[in-house]
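Before any questions on how it binds or moves, here is one chain, the form predicted on its own, in structure tokens.
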Amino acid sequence: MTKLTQNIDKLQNLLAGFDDTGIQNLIASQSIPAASAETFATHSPVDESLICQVSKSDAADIDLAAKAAKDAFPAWRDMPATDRKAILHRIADKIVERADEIALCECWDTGQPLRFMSKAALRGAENFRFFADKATAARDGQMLPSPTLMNVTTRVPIGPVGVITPWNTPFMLSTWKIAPALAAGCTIVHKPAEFSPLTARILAEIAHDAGLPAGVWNLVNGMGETAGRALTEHPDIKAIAFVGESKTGSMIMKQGADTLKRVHFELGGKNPVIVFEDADLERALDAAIFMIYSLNGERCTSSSRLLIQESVADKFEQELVKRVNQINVGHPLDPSTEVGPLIHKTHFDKVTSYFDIAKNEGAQIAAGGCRVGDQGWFVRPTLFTGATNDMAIAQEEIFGPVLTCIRFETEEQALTLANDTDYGLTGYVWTNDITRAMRFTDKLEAGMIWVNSENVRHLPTPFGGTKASGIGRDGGDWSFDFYMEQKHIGFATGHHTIPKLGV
């Protein structure tokens, strides 16, 4: 029996657990259907087969969840931070225990290859451990004395928050948002993407099995237009943490305006990888390929624009074509697969539409540019060459395994090209000139930049973008800046003269 066959057998046993009731909401620790009793079907991008039915929630379900989060908030806020820390560590332990189950379900639900999803579950556990350890310092403030007052600051959790997560690597991104919220003392209502609901349910079950009090973590499934909108507009929800498209972030800001929602957005990107002629070209090649073709190209930090210096462009592009044509596209549960299917037909149609757009704009398809097979949403990893920065393929977020190559002559030209986009999430710079690296990164318009490296996440550092790529930062203490309010208290020292009126 092959490893693929073994994984499929394991998956079928796991999916059998969803046969009776499908995926229901989890509100105040109770598994319940949508108030309307409506459901929708979720299908695997691998072969378009039915996975299960999912509760199709609306405003009534969001209201129930928001009230549960509001009722649970005072006790969770006031719980000793050491107790919250212990619960979050237990959640991490249970994620590790169910890591294989999480990875298999995530692959089938999203099409992501097992070689990456097996690590994503463990990264989720790491996120919970990191913020568990920070929970005891979440309320720490400063002493800021003045001549007449002893001024101190502290932080307090903002209240119930809404967390809306996307369909690409949904498990890890859910932990990335939820763990700091819980560590800060907030309660949550989680609305996962309708296209990838499986692991959100597993994660919520894990949290409650770990001893999380009822109402602290509420899961509501449904569509963005109904359940998502109701969450962003609900008066009991004090903030919205969202990962997704930039245009959706704009809509959420509008919807939350009437209730003065605080928002934290991790949005789209059209991220450049800039390769100068003095770079280690072999390592730059590895990184450029990894950062666009891993995770099926469906991630906001992917390096979807290659800016390559003219003097080394021919050789670099030739090597790219060879490597891209060798990428293994296949079943996501096969450990040898490097690229799996795209999430669903709508997204498949969007990504493949750029093949004709590229040709019509005058670019060349140097590799890929076609579907793989006739079942599921598989696409050959694609490389566009001969592109200019004003083309749609260089400006619009394709969000698939598609790389656009653009050539430059000078450092100044490279900087202009890199910054000439609405987005500003990440950038990747390859050069052995440290002075150039410092000069270039200082002017590069991006929230996160890696020099001579792929995206290597370090949890204490700030994560987030500029321009249309987002608002706010995750990671380290920056997460608490969003989920908590600063409070100032001034104690008179006895030397403070109060002005007299009416004397």
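Sequential numbering from 1, following the sequence displayed. Source: prediction; values computed, not measured.
What follows is about the form predicted in complex with nicotinamide-adenine-dinucleotide (NAD), which we do not show.
Contact annotation: residue 300 falls within 4.5 Å of nicotinamide-adenine-dinucleotide (NAD) in the predicted complex, judged by heavy atom distances. Shown alone here, residue 115 lies farther than 4.5 Å from nicotinamide-adenine-dinucleotide (NAD) in the predicted complex, counting heavy atoms only. In the predicted complex, nicotinamide-adenine-dinucleotide (NAD) stays beyond 4.5 Å of every heavy atom belonging to residue 305. Residue contact check for residue 425: one or more of its heavy atoms lie within 4.5 Å of nicotinamide-adenine-dinucleotide (NAD) in the predicted complex. Listed stretches are 283 to 291, 123 to 131, 326 to 334, 226 to 234; the contact stretch with nicotinamide-adenine-dinucleotide (NAD) in the predicted complex is 226 to 234, by a heavy atom cutoff of 4.5 Å. Shown without its partner, this chain lists 111, 192, 180, 160 as candidates; in the predicted complex, only 192 has a non-hydrogen atom within 4.5 angstroms of nicotinamide-adenine-dinucleotide (NAD).
Put simply, of 277, 71, 245, 361 only one has a heavy atom within 4.5 Å of nicotinamide-adenine-dinucleotide (NAD) in the predicted complex, and it is 245.
Along 50 to 83, not one residue places a heavy atom within 4.5 Å of nicotinamide-adenine-dinucleotide (NAD) in the predicted complex.
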